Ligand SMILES: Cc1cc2nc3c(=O)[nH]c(=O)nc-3n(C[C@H](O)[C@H](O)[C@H](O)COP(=O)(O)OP(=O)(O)OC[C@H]3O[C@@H](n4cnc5c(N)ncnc54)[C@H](O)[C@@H]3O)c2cc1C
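Next comes just one chain, in structure tokens: the form predicted alone.
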């Protein structure tokens, strides 16, 4: 049975980010095994984030933008960014960069097998795959098991962010490559949060996504119908070719994910609570988490670090999820007022959980109070979140 210092289960964003960070640290000579059931060799997703500082993967950013556009029925905003940059990384570029970098270190191995079980015995963890058995000092598990979650969870909210995207090519110059359309709420809301999102790659090429925050998925043909209507009627594009499609599902929940599976097993990625509950953004948070795990391993020889107390942001997320769960269509008005009444970088700092209490009050006072009053009763009184 081969022994490793660290075994990472899952070779996606969280697993490869942690291994990449380990490979650049004082721990680069430690033996590391990454186990993933499938090889990561396709452009199966994209990650977007905004940052006011450099990040480990800036050199593979596919596109970046310095202006954000917001559209609603009676409000339009073009907001230049000063300190922040909005960035996009393609899945295939991330996988290739991480895998090529790790391949240069003989202490790091990647195998494609299914993990059947993990068990702590004494001061090590036994990991059984479909073909072999390994042991490790520490195991980091990036798998997300959605089976315990449902929209009817009594103590927590659980919704999904789901989206269908078309990467389209036009014959004529159509897109402004200096800006992203972060939100376009000019679409029927129903009782859910629904908007369009545009990432322009060139004057003739862009990713256009139809995004929902809701309890359940919709029919496949509805995504297609909404995208075609938006491209043809809202964007007035009649002649275009669909080059690629993208579909994704991201959990949005205020469930308190456990970091520990055991004394020597740590949950990372979405299963470790790294996705922002009210937005679903995870890439930037995963990079921050990977850096803190490695720093903890370097300084204390164990990965569990004292996490920043972000109680106020947990409450904000719970309130927003409660509104989405009860009356998702009201998010359109809330976001419209939020973008109308605040500088864009104040909003982005808030969503990155980098604001103080005074700034949070300014933001909260700028949006309609009625939806929050009902949610305060639901969240604080019914679930005793203040304890």
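The model shown is predicted, which means the values in this text are computed figures rather than measured ones. Residue numbers count along the first chain shown, from 1.
As for the form predicted together with the ligand, it is not shown, yet the points below apply to it.
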Exercise. Just one of 348, 331, 318, 35 has a heavy atom within 4.5 angstroms of the ligand in the model of the complex, so which one?
Worked result: 35
For this session: Answer with one of 200, 280, 165, 303: the residue that has a non-hydrogen atom within 4.5 Å of the ligand in the model of the complex.
Result: 280
Exercise. If you check in the model of the complex, do 40, 45 and 250 all have a non-hydrogen atom within 4.5 Å of the ligand?
Worked result: yes
Exercise. Among 182-190, 77-85, 99-107, 281-289, which stretch has residues whose heavy atoms lie within 4.5 Å of the ligand in the model of the complex?
Worked result: 281-289
Exercise. Quick one: is residue 121 in contact with the ligand in the model of the complex, heavy atoms, 4.5 Å cut-off?
Worked result: no
Exercise. Does any heavy atom of residue 143 come within 4.5 Å of a heavy atom of the ligand in the model of the complex?
Worked result: yes
Problem set entry | the ligand contact at residue 371 in the model of the complex, heavy atom, 4.5 Å | no
For this session: Classify residue 176 as contacting or not contacting the ligand in the model of the complex by the rule of any non-hydrogen atom within 4.5 angstroms, answering yes or no.
Result: no
Problem set entry | Residues of stretch 7-42 in contact with the ligand in the model of the complex (4.5 Å, non-hydrogen atom) | 9, 10, 11, 12, 13, 14, 15, 35, 36, 37, 38, 40
